[in-house]
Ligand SMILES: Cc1cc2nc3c(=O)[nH]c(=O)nc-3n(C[C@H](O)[C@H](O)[C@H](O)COP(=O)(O)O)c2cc1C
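Quick setup: one chain, the form predicted alone, written in structure tokens, and binding and motion questions come after.
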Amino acid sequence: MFITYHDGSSREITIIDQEVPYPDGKLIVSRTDTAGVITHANQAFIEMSGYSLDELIGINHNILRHPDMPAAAFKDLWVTIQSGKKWHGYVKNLRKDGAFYWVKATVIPNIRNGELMGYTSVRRKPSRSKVDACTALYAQMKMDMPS
């Protein structure tokens, strides 16, 4: 399958319908610049994504975007954080090996001296009931508004 991102870039990947369980007690943390290019990734992010640190740094965060995620979810994220507000949501992420993992994400704009410097994202383990609800919601959104 070819995945095309909003910036026009694309890549080929084999999607595997296999969920990697989010480990208890871990926080995934990453920082990006204002364009979404990864500038920091913690060890939990490296482990869950399946990418090495060298592969993550300098690449757009959308490399994790699973094709089951509706474009409207990311539009809402970007509109919210670009207005200087915190965003919360549930995201199905695509691993390097084609499997996936769900996260409860919080994205915070990093503003210093009134200037937007980038974003910090902290991801936690989502509840199974929220994952099930979002799976159904996102599938409906994709049917209503294919991306």
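The numbering used is simple: start at 1 and walk along the sequence shown. Computed from a predicted structure; not experimentally measured.
In what follows, reference is made to the form predicted together with this ligand, a form of this protein that is not presented.
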Answer key, this ligand contact in the predicted complex at 4.5 Å (heavy atoms) among 42, 62, 39, 82: the residue is 62
Is residue 56 near this ligand? Define near as a heavy atom within 4.5 Å, in the predicted complex. no
Is residue 48 part of the interface with this ligand in the predicted complex - any heavy atom within 4.5 Å? no
Consider residue 100 of the chain shown here, and say whether it contacts this ligand in the predicted complex, taking contact as heavy atoms within 4.5 Å. no
Answer with yes or no whether residue 90 is in contact with this ligand in the predicted complex, where contact means some heavy atom within 4.5 Å. no
Can you name the residues of 108-139 that have a heavy atom within 4.5 Å of this ligand in the predicted complex? 119, 120, 121, 123
